[in-house]
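This document opens with one chain alone, in structure tokens, the form predicted on its own.
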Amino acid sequence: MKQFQLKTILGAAMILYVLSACHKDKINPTPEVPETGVYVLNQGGITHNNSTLSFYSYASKATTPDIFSAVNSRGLGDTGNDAKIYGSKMYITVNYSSTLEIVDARTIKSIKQIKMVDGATNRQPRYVVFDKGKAFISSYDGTVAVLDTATLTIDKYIKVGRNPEQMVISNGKLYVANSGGLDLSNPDKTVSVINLTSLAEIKKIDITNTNPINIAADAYGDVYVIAYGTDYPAKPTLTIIDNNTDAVKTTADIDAGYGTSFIVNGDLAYYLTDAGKVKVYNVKTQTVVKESFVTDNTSIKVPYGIAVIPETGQVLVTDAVDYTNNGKLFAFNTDGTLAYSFTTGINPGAIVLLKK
């Protein structure tokens, strides 16, 4: 997904965020307990305290614009960054508010809100991943929190690199992309490796290019890291790490849009370009096999978030449109044609699939 980290930090002082925009989608005035569908976490604008959670129902084909507020009679907070379902709960990181919101994945009723602070200092949580009953939350203060998903308490904080972003679990280890992106004069260029048994950082891998943000893994023992340097939109790089030796295998240019997730589904990975294309990469051959997944005339103005439905192979892409008005989500069939679309909130980032 996109990060507010560089694009928004550089442009935040110049962009006037608007609360909403008109659209013609079918709207649910009051939320119902959903069975299956798609949640979209909308970041809103930094300092505008207008993050929302949209829900699209497969059954009714209706959208609830902000199901969290409708259920809980309060807003999510400022700059929702990531959301994932684990078990019966959804975990939502709200970066600028420095909170972790834990809700029932089906009713969206808030179960617990955890303030992510170190004394009086906000930690600014970013991403969350899960392993064996633990949630791991990266935060801009240079830590990864370890949360027990049964007690919903934080057991410890693991010190990593500066301003950590996305994480991935591979070969019994947690890999953390350390961006250092809040200090663009001296960004980080490492990936922390955390042993999931000892819950301690065991090494840092130098990936050469600075400002790594996005990270993923395949089934063949490789970890993929996209780093953006400090001169974006110059081409970012894709570094491939061997998860057995933790050695860097290769580094090459990649025309990925800033902050796009590298989504691996089987032998294929998908990522977005600034030109609005969805590229397809084969992780087995480690080559781009399709320059543009979309085959119809669907136009994606500002590609922002991407996800793949493993069971069907459908590719979901969010469009921030202009960063100020409500965005869109497009769902594409495996042949690249549009299956459906719906209006989201402002700056739609994380896409979460609700299954039966």
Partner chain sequence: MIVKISMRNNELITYLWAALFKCGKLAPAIVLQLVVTYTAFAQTDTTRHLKEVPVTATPAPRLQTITPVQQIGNKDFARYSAFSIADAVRNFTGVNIKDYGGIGGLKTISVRGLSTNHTAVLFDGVQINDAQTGQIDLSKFNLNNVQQISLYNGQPQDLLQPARSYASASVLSITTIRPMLTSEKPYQIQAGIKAGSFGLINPYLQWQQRISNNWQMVINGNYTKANGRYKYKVDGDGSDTLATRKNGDVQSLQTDAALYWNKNDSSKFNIHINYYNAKRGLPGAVIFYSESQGQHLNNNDLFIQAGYQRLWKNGLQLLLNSKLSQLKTRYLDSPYFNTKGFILENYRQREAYQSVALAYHITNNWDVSYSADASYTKVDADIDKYAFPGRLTILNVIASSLKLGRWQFQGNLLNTNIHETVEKGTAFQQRSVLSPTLMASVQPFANPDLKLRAFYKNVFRAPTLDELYYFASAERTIKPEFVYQYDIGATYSKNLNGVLQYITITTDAYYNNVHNKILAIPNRNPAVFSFSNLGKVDIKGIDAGFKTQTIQQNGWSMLLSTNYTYQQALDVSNPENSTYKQQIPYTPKHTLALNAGINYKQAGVYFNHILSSGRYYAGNNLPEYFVPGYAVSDASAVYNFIKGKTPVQASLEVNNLSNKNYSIIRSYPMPGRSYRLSLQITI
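Numbering follows the first chain given and starts at 1. All figures in this text were calculated on a predicted structure; none of them were measured in a lab.
Keep in mind the form predicted in complex with the partner chain is missing from the figure; the text below concerns it.
Exactly one residue in Y270, F136, Y224, Y258 has a non-hydrogen atom within 4.5 Å of the partner chain in the predicted bound form; which is it? Contact with the partner chain in the predicted bound form is made by Y258 alone.
Find the only residue in I213, V144, I241, V191 having a heavy atom within 4.5 Å of the partner chain in the predicted bound form. Of the listed residues, the single hit is I213.
So which stretch, 198 to 206, 152 to 160, 262 to 270, 75 to 83, is the one near the partner chain in the predicted bound form (non-hydrogen atoms, 4.5 Å)? Careful reading of the contacts points to 75 to 83.
Can you tell me whether K61 touches the partner chain? I mean in the predicted bound form, with a 4.5 angstroms heavy atom cut-off. Because no heavy atom of K61 falls inside 4.5 Å of the partner chain in the predicted bound form, the answer is no.
With a 4.5 Å heavy atom cut-off, would you call G37 a contact of the partner chain in the predicted bound form? Because no heavy atom of G37 falls inside 4.5 Å of the partner chain in the predicted bound form, the answer is no.
My question is simply whether K115 lines the interface with the partner chain in the predicted bound form - judged by any non-hydrogen atom within 4.5 Å. It does: once the partner chain is placed as it appears in the predicted bound form, K115 has a heavy atom within 4.5 Å of it.
Taking heavy atoms and a 4.5 Å cut-off, does Y175 contact the partner chain in the predicted bound form? Heavy-atom contact with the partner chain at 4.5 Å: absent for Y175.
Taking the partner chain as it sits in the predicted bound form, which residues of 98 to 122 have a non-hydrogen atom within 4.5 Å of it? Please list them. Read in sequence order, the residues that approach the partner chain (within 4.5 Å, in the predicted bound form) are T99, E101, Q113, K115, A120, T121, N122.
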